[in-house]
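This document starts with one chain, in the form predicted on its own, laid out as structure tokens.
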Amino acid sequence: MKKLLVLIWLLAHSLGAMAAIDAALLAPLAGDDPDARIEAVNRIAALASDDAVKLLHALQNDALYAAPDGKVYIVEDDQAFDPASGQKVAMPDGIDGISVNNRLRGAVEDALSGLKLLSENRTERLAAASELQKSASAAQAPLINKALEKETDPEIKAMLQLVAATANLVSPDAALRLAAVKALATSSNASLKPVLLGMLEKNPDGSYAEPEETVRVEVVRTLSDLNARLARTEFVGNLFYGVSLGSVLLLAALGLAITFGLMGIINMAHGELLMIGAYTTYLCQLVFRNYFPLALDAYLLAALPAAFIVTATVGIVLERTVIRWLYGRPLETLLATWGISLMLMQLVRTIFGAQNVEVANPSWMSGGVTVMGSLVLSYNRIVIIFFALFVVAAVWAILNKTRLGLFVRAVTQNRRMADCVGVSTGRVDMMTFGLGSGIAGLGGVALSQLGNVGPDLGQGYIIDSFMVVVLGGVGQLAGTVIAAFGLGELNKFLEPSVGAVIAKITILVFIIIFIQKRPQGLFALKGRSVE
């Protein structure tokens, strides 16, 4: 029994000794050399033990003290803990707090962040590796190498290899620097460019920052590969965001293509119908949040029919009360609908306030997929692109495959003839305007997933919507689709080089010139309707 107790004591003592931190690692923390203190922090972090984490947290929270003999203690609640022995001890005389300047505090924060590389949680390790790609330093190399040895996930392992190479770029060993530069030849991390360019710069005395010529040659080659890869990534990114902007313009302009293109009504309140659709989405989210919190992610599925019904109803009321009396008088419809838009905006301000309201993405639309190394395609934009294509297909089916669509086309092409054969033109006008307004509501649902919702939401899209309809050709669904995606791509490729404002002006000038040459737009109406 006595031997067993002795064995247990030795085992416990052994575990305690393993958990403690070597006093030689702790000693620089009590000194005045800032570089030695930062190196000590990184070497302690590389231990990746609970005691190391505890000590770093103590240093971060100003709970680390030094005794006159140079020993380091953690002091909490008037209790001293010796990290070198792993034991609680009596409070030493004359201990004083270790000062932490901004540089040391940053090193401690980086070390604690880097320790997440050893977490059991894959998401935490992936996030830590992604973060370190931006700011890995040579001092963190021991911790990164340790994490690399333990990592089994292929994605994180590949990321850590690049992180380790980034950290080794400033290693004093030329062979390590050369290997690091070669390893980074496949990276798509734009933050590496300043570091690599810095290696090619010259010091005031004329010497290169990177003394080895073989390393500099490899840096030039890696920079060339990196620039080519970044250019391809930028092109694909602009292409995607152009399609995304085009889908938003399409949703905003599709309803207008019906009310303006088919009915000839200049509806300046179309933007406010978008806004009403977005606020309907906000209300649906509130209802789900308050009464069905477990099904909150499904609020969008309820918002789509709700927004369509609400905006279609508003549109039908507008058509029956105001617009039906103004057919054939475009200037009057413009003024009347502009006044209605002001009234709708003020009504929304009165009900919801002038401040924007937040509509959160459902969890299944949050985040994105990473392609080409660093390009993130957000799920909400991908969903909106497919949703816009679905709405276009639905509108085409309604106009070409349903009885309502047949009547709409008949009234559009020859109202008097349609009236003569028994088509209720007034009823068709009402349903057509309601359909265009309902589609605007669906556009509002999509817009609510890309930004905040406010009373002025529609004002930002009304001009673009008219540009899309005019450029595509009045009354042409295919022209509206092509014009929306074309303007979206043109805008996204111009913005990086000339800025957002100049890009918008350039597009406007382009449309004016195009309309001068081709007044009917991309696709001209054919047949009797032209007359």
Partner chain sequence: MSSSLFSRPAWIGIVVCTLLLALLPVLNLAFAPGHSLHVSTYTVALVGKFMCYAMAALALDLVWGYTGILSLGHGLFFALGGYAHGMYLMRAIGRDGVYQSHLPDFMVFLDWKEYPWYWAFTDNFWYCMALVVLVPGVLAFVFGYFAFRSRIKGVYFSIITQAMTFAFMLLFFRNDTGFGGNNGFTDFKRILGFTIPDAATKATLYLVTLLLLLGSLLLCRWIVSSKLGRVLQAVRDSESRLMFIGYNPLWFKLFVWTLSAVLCGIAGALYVPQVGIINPSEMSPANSIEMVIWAAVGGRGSLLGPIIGAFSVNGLKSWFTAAFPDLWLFALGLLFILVTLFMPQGILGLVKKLRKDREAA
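It should be emphasised that the depicted structure is a prediction, and the values quoted were computed from it without experimental measurement. Residue numbers count along the first chain shown, from 1.
Just so you know, the form predicted in complex with its partner chain exists too; it's not on screen, but the next bit is about it.
At a distance threshold of 4.5 angstroms between non-hydrogen atoms, F485 is out of contact with its partner chain in the model of the complex. Taking the partner from the other structure, its partner chain in the model of the complex has no heavy atom within 4.5 Å of any heavy atom of V428. None of the heavy atoms of A27 is located within 4.5 Å of its partner chain in the model of the complex.
Among residues of the shown chain, A478 is not one whose heavy atoms approach its partner chain to within 4.5 Å in the model of the complex. Stretch 265-273 is the contacting one of 201-209, 265-273, 112-120, 432-440, since its residues have non-hydrogen atoms within 4.5 Å of its partner chain in the model of the complex.
Scanning I340, V453, L169, L230 against its partner chain in the model of the complex with a 4.5 Å heavy atom cut-off leaves one residue, I340.
Checking L178, V310, A336, V391 for any heavy atom within 4.5 Å of its partner chain in the model of the complex turns up a single hit: A336. For the partner-free chain shown, just I463 of 435-463 comes within 4.5 angstroms of its partner chain in the model of the complex, judged by any non-hydrogen atom.
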